[in-house]
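Okay, here we've got a single chain as structure tokens, the form predicted on its own, with questions on binding and movement later.
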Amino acid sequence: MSWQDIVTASPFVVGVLTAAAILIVDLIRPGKTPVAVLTALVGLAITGLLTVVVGASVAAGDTPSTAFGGSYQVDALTTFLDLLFVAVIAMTILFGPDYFLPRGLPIAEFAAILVFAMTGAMLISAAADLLVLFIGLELMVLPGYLLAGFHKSDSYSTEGAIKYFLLGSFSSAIFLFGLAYVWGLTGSLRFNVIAEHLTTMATGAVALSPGLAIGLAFLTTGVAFKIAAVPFHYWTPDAYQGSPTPVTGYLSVLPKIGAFALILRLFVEALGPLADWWLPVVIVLATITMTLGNLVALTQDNVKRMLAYSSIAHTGYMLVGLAAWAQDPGVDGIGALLFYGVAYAFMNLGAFAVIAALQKRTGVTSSLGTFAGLGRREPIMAILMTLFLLSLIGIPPTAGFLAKAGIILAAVEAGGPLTILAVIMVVNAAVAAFYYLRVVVYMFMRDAPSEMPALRHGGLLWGGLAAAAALTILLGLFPTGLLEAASEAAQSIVGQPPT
């Protein structure tokens, strides 16, 4: 390990130091929420700044793009994803105190666990070999098990955490079996070497072994669990409903985007030559995931559970972008997927933050009845929730509209079976409008079952909601910069500019 290695990996290193600093500050000043939150936000700001600086330095050729013997890499995709991870964690920390303090739950531990999870996601985005990829995956998901059961006196939280842990552990083992098969049959852990070996197979120079097919099956199954694709989604509704609401918002965003980062590194960068093999599986997964997620969401009366199934449907939409690239590498399906991930992160976090705000008083559920009369009781909160729901539907001029449009256009441009998949996605988006708008109807056209006083919310919550709302609107009105960044990030792994 050299000094240059540390410089290249400095955003990851500072992320780890930030988590440690939060714990140390809490030991020195126990129970001081403002100090813990400030430490976390300052550390995240430094991490984000270093991410930009290192990314620009690598792009200019002043800093090596790889570290630790080539197992850690920095490219446009790494920079893009790391900035998104930092933003998601910062926003989640802002949403936490309003919910946790009335319940007597520790903010410092919450923030430290979140930052450790973020470092796992950052390691995935920078992985250049299978071993680092798996280590990053486990570093990302293990804190999620802790967070799901964070409210340990709540039986629902404990139940959701146990289900998440058991199924997550099985899926990690299955994924590891797949990695072992690929490693053994290609003779390397490095993505570029694996891709070269598989290229000779794809061209017919070397026979495609049954063992590699088994490895691909294991990998696909393991990844499908992590992104909650149907039929590997069973843990999602219970884990989301039982978890503390700020944790639910986090679980619906960062682990999902982190798992898609893993898909991009593994399936696009390493297993891209076998895209014809895994494309049919992705098409089937995308179809059943978006369809079943939306259909089951229609039947839900609990808004957290409804958004859990909605999150499953959004997984299906994002898989369409991956399928579009696999069908035609000249189509910018990966760029569309990355833009969708950013838009989804902010609008979904915002929606869960509103639910968390309404649950500031202990004992308040997330049923539809909780939202009745919210337009009169807390009009600003109702307007913000409406904005996030409209973006989740895909109504212009929100970010959600451009995100869905980008995925659909990429699928149409790719042609073939992707045209049918684009039609299915449009139909599903129309179906989803029903259950999202039902919440809006309750907020503005239903009377509250009893007199519920308006709540006073903290400045951190309002700041986080303002940031989520602003990004949801601005990315819809002025998407050019983010679209270019997403396209550049996609180009860094597919090796050719989009047409």
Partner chain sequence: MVMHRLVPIILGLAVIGVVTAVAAAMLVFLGQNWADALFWIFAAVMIGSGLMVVTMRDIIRCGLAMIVCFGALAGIYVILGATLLAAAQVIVYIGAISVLILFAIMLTQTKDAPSRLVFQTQAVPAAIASIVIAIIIALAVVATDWGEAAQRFRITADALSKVLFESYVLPFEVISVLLLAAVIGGVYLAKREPGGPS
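Since we're looking at a predicted model, the values are computed, not measured. Positions refer to the first chain, counted from 1.
Quick note: we don't show the form predicted in complex with its partner chain, though the next part is all about it.
Is Pro106 close enough to touch its partner chain in the model of the complex, meaning at least one heavy atom pair within 4.5 Å? Yes, contact at 4.5 Å.
4.5 Å heavy atom contact, Asn192 to its partner chain in the model of the complex: No, Asn192 stays farther than 4.5 Å from its partner chain in the model of the complex.
Does its partner chain come within 4.5 Å of any heavy atom of Lys152 in the model of the complex? Heavy-atom contact with its partner chain at 4.5 Å: present for Lys152.
Quick one: does Asp129 come within 4.5 Å of its partner chain in the model of the complex, counting heavy atoms only? Yes, Asp129 sits close enough to its partner chain in the model of the complex that at least one of its heavy atoms falls within 4.5 Å.
Can you pick out, from Ser71, Gln359, Thr220, Thr291, the residue that has a heavy atom within 4.5 Å of its partner chain in the model of the complex? Looking at the other structure, the residue within range turns out to be Ser71.
Please tell me which of Ala270, Met91, Leu392, Leu123 lies within 4.5 Å of its partner chain in the model of the complex, judged by heavy atoms. Selected residue: Leu123.
Only one of these stretches, 115-123, 258-266, 271-279, 347-355, has heavy atoms within 4.5 Å of its partner chain in the model of the complex; which one is it? Contact criterion met by 115-123 only.
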